[in-house]
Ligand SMILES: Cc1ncc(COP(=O)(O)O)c(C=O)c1O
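In structure tokens, the next block holds one chain alone, the form predicted alone.
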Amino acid sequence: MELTLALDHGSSRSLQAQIFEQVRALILDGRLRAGMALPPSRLLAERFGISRNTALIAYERLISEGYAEARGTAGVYVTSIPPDALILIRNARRPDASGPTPEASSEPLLCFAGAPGGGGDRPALDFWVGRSDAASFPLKTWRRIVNRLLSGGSGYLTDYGDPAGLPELRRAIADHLGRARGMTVTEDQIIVTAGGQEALNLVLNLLQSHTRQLCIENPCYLGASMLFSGASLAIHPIPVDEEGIRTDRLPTARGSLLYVTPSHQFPTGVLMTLARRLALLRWAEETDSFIVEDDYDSDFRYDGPPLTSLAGLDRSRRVFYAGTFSKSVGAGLRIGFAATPRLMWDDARLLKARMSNGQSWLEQAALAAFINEGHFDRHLRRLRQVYKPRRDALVAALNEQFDAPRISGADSGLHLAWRLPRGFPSAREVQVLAREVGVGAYALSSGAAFDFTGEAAEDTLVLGYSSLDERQIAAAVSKLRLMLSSTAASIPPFPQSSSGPR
């Protein structure tokens, strides 16, 4: 097969990203149909004057996101996507055509002046969830940027800014989402918030008049369950399996608001498959419902590039995207954001103004410079180089110390989930016992997760590995092994083998 691609060697976007996006568009537009063979990577490289590795990386991403499949020596083939799902994506409009551009507000929304508001004893070997490595904060670069901003004058420190966020930061976030998450959004669709939790709160309040019932993946993020429980609406917990949320269990009634974490489900860590993502978008269209996508740690994918977000597939119609810099830069910055469909951006901006007068100018300006000057992308690359060996060390240690451990969520993010075998103490008991030997291991309810049924909480531990080095991880798992061998009759006191990762 001959592919017609327009590759720009001078573009800031990598060649593999251009190949992925253009082949993906051909598949979604129906010009490449299920079962068609893609050109061999060697021929593709020769045809477009690129390295074979570039072609292979693009194909690997198409495979990882479900658009293609490898059939051994036979090559790479387009996968089957349901026709109605293709129609849904094909009919989606780009943000610049998804509706009339709202007129600019007559006032700059500076009238909502409000008064400013407002560690614990942790074990030495602590698998706390979502805690970034303090030593990895880019202190020198951040200090240099802040000093430069402060030397430019203090006017911005005494004035109110746009409650929706500093324009330079919103523009930088929109550009990053386009590069890393496959989203086509403008700066006016971005609302800067005080972390991801406020972004979720903003979306919930924005859609409350439209919403008749709330749906949430189960188990789920504790913060989302708390917000939903306070909304005085019926809540439908939807179970999660190894492919993500069970779309066949979604209600058929109109007017739902669904909360999901498709790229690294919290807390189980599973990745929602492409088929489920398309089914989810089809459900939202058919039931006049909306989705809030919490993309809390998608910057950390270790076995491939970040996946196209659900909002990227949706193209700014029914998916509200909530993101945060807490995991990637630092939770102390308190900067998150929401990306809204275009028709609702003015309502979202007004609502944000009623919630607060916006975040600190200095932190926003520093973060905008950090992104625009290329420091953020370099910082993320360094963090992946730090966190991936730690992920590998935890998976290897669990496999070495326990027999065929059931692990989920290890492909990305900053934590994984370990399903305890039968005969072990409950997750709650393990948490208490581990604390006595200086190890922090967490049952779902203690690890920022919530389970509406209470079933998964009994046998699942969440283990965050980002704040421990490889030596500490090995020591912590060894302590867990010794501790459990004295309480669970089903495991011998010492490992039977040291075969490493499985």
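Quantities reported herein were computed from a predicted structural model and do not represent experimental measurements. Counting begins at 1, following the sequence as shown.
The same protein has a further form, the form predicted together with the named molecule, not shown here; the description that follows concerns it.
Q: Looking at heavy atoms inside 4.5 Å, which stretch does the named molecule contact in the model of the complex, given the options 272-280, 375-383, 320-328, 358-366?
A: So the stretch in question is 320-328.
Q: Which one, P262, G413, P219, G196, lies within 4.5 Å of the named molecule in the model of the complex by heavy atoms?
A: Filtering the options by heavy-atom distance leaves G196.
Q: Which residue, F402, F424, Y296, W142, has a heavy atom that falls within 4.5 Å of the named molecule in the model of the complex?
A: Selected residue: Y296.
Q: Should R334 be classed as touching the named molecule in the model of the complex when contacts are defined as heavy atoms within 4.5 Å?
A: Yes - in the model of the complex, heavy atoms of R334 and the named molecule come within 4.5 Å of each other.
Q: Is there any non-hydrogen atom of F266 lying within 4.5 Å of the named molecule in the model of the complex?
A: It does: once the named molecule is placed as it appears in the model of the complex, F266 has a heavy atom within 4.5 Å of it.
Q: For the heavy atom contacts within 4.5 Å of the named molecule in the model of the complex, list the residues of 379-400 involved, in sequence order.
A: None of them.
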